[in-house]
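Shown below, as structure tokens, is a lone chain in the form predicted on its own; questions about how it binds or moves come after it.
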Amino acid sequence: MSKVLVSDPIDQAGIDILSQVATVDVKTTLKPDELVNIIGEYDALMIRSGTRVTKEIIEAGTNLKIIGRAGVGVDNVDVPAATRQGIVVVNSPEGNTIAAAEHALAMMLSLSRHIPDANASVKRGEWDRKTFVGAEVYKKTLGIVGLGKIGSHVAAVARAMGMKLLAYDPFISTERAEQIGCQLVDMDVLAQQADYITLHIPKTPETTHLINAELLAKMKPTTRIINCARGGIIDEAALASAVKEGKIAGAALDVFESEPLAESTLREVGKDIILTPHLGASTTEAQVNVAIDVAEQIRDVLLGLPARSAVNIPGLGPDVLEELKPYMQLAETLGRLVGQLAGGRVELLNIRLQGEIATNKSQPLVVAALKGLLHQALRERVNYVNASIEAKERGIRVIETRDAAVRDYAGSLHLEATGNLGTHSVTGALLGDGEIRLTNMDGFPINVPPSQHMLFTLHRDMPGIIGKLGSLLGSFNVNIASMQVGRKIVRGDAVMALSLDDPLPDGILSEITKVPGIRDAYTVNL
């Protein structure tokens, strides 16, 4: 009989499910070295946020088939190490959707009617009705930032309460937003028009301090902000000042830049700010749901069935995984690249398998490309299982073709995406040692390895343009690691592909396009 180790407290419902197919040991006080010593005995490991599953633990788990995280994230699991070992890693991406959405709505209503302070006042023996005159949400405008599963549920409930819905999500189509009942607008319009703003996005370099002093200054004095998503999306000092000075009406926060919340000006604001200790997923139902969801997946894998929410590669054994891994990395890299070139709101993705790659299993490569394409929007929340579903929900059409003809490389992958920045294409291939090469961009031949920071330009092939661009980047203290020009004819149109040692500072793209001969410039971070 299989053996399962549960190393963090989980609901009994999950343990009961596991007990149907395995011997279950619950040991919730293990130190890392103790876990390394015993993990080799087990076929499955079930955790929450308390256990950190390191490479050492995974390598010691010689019998492990699956690691299950009873929660949304898997940041405490070394997923690449598990994938290399052929171990499936699963989570419960939807287990707390309703809990998080309801908490955001509860915070909005509590903020509107001053419920926490009114409650405290009555408990002090007071009866001060005038101080706690509130506001109705009926017919007010709710701005939803992020229309994923949680944001969409908030939209459905808010719409039922008679609210007008605006949304900002650069990674969702207008048609999908309309299906949810939202009018898609840019962030400035949302800030200017919304009476309430609720955040449902991950924290990324692009979303860090999305709500800052500049954006707060554009809001109405009656605007109220709710954040039950991630700490760091809001500049907390700027928010506290805006509420204190009456620039906005209030805020309700469940998440913070640093948790537990230490000394903070947020605590000094008073009744116009509500603070809760990261309770978004803290409902009895959510804890039961995630325990059941992950326990069922562990049970299925132990019975030889696929997992439904794997975050690496479900249902593939180590041998198949080893064969496909380089091609999937190529597909994901090209997806990240073309997604950023085309803009976040991609409507169409064409995927063409060329040469010997056309003989491979296509579905894993398509999923890997979609995972890369959606990375900017979803970060760690997109995986090989949900990438196709997430793409469909965002209205992204996928067209797959095969072309067995061999061109410059034995096998290559071509991606073309249409988004809000236009239509762009990239082609890539694997060299003999598995190294990825970008071989074409927008129809121009190139031969460059991808790097973390890249700059692409569309320009006229003319003397001096390379030197001018290099000098401009140098003036911003940006170092060029490598550079190549791709052109079709001499002194015609050309592209320049640069690998950079440093990320480009804000505002430099507009300076680059001022260089005579350069028509467009695109920055990509892989």
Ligand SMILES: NC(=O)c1ccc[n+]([C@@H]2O[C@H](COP(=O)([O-])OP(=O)(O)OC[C@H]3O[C@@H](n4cnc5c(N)ncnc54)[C@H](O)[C@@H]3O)[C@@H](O)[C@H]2O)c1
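Since this is a predicted model, take the numbers as computed values, not measurements. So that there is no doubt, residue numbering starts at 1 and follows the sequence shown.
Although it is not shown, the form predicted together with this ligand is what the next lines describe.
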| query | With the partner left out of view, is residue 149 within 4.5 angstroms of this ligand in the predicted complex by any non-hydrogen atom? | reply | yes
| said: I'd like to check something about residue 171: if you look in the predicted complex, is any of its heavy atoms closer than or equal to 4.5 Å to a heavy atom of this ligand? | reply: yes
| Though only this chain appears here, would residue 206 touch this ligand in the predicted complex if you measure heavy atom gaps against 4.5 Å? | yes
| Should residue 395 be counted as a contact of this ligand in the predicted complex, where contact means heavy atoms within 4.5 Å? | no
| query | Between the options 346, 234, 426, 100, which residue brings a heavy atom to within 4.5 Å of this ligand in the predicted complex? | reply | 100
| The single option of 73, 116, 364, 355 touching this ligand in the predicted complex, heavy atom within 4.5 Å | 73
| message | Heavy atoms within 4.5 Å of this ligand in the predicted complex: which stretch in 127 to 135, 280 to 288, 332 to 340, 442 to 450 meets that? | response | 280 to 288
| query | Does anything in 211 to 249 come within 4.5 Å of this ligand in the predicted complex by heavy atoms, and if so which residues, in order? | reply | 228, 229, 230
